[in-house]
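Next up: a single chain in structure tokens, the form predicted alone.
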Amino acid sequence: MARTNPNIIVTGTPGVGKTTHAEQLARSLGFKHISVNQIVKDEGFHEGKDEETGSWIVDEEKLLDYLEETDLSALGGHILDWHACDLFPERWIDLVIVLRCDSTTLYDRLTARGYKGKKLEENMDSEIMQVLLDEAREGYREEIVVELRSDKVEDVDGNVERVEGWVEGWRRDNPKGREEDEGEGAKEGEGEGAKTLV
């Protein structure tokens, strides 16, 4: 079955605005927002919390099996919201948005959430060293990975508009939909819509 809408990952370090972006995109596009962290908690796809950071130790196999059963790869129209992206099969995904944030702004956001010690340090280092951007670039074709700034509230509206334009381009380029395995491993031939975000 060909999916008639793209699947999009919104990823980035905690505090960069993933959920805010994902919720607004889902509303404006009529897509389904999938909070992966919430699924991990609700469905128990974890092995408890890391003692030092307080973060969930995710059972990725159970999580992927669960998501596979939702038919998200076949249906399209999903916004996946999570701090990692490279575990999702490329055949599921049409666009990877990596949100980035100024380190001073991010520090303020994370400390306001109560992050401290190792958890704060690891997340700040991850953003400064662009770990998630590098993972996205290593895990997916270059042309579907886009870095967007999320420093100010105004950035969200601008980013949502850019993604809306990209989705319009994807739909024009895929009038009959896109088969799940199309483009897997390919480095060229992705629709022109992807270039409008760069």
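Numbering starts at 1 and runs along the sequence shown. Quantities reported herein were computed from a predicted structural model and do not represent experimental measurements.
The same protein has a further form, the form predicted in complex with a small molecule, not shown here; the description that follows concerns it.
Looking at Pro14, you'd find a heavy atom of it within 4.5 angstroms of the small molecule in the predicted complex. Although the partner is absent here, Arg109 lies within 4.5 Å of the small molecule in the predicted complex, judged by heavy atoms.
The small molecule in the predicted complex is not approached by Lys118, whose heavy atoms all lie more than 4.5 angstroms from it.
Using a 4.5 angstroms limit between non-hydrogen atoms, Lys41 is distant from the small molecule in the predicted complex. You can rule out all but one of 66-74, 146-154, 167-175, 125-133: in the predicted complex, only 146-154 has residues with a heavy atom within 4.5 Å of the small molecule.
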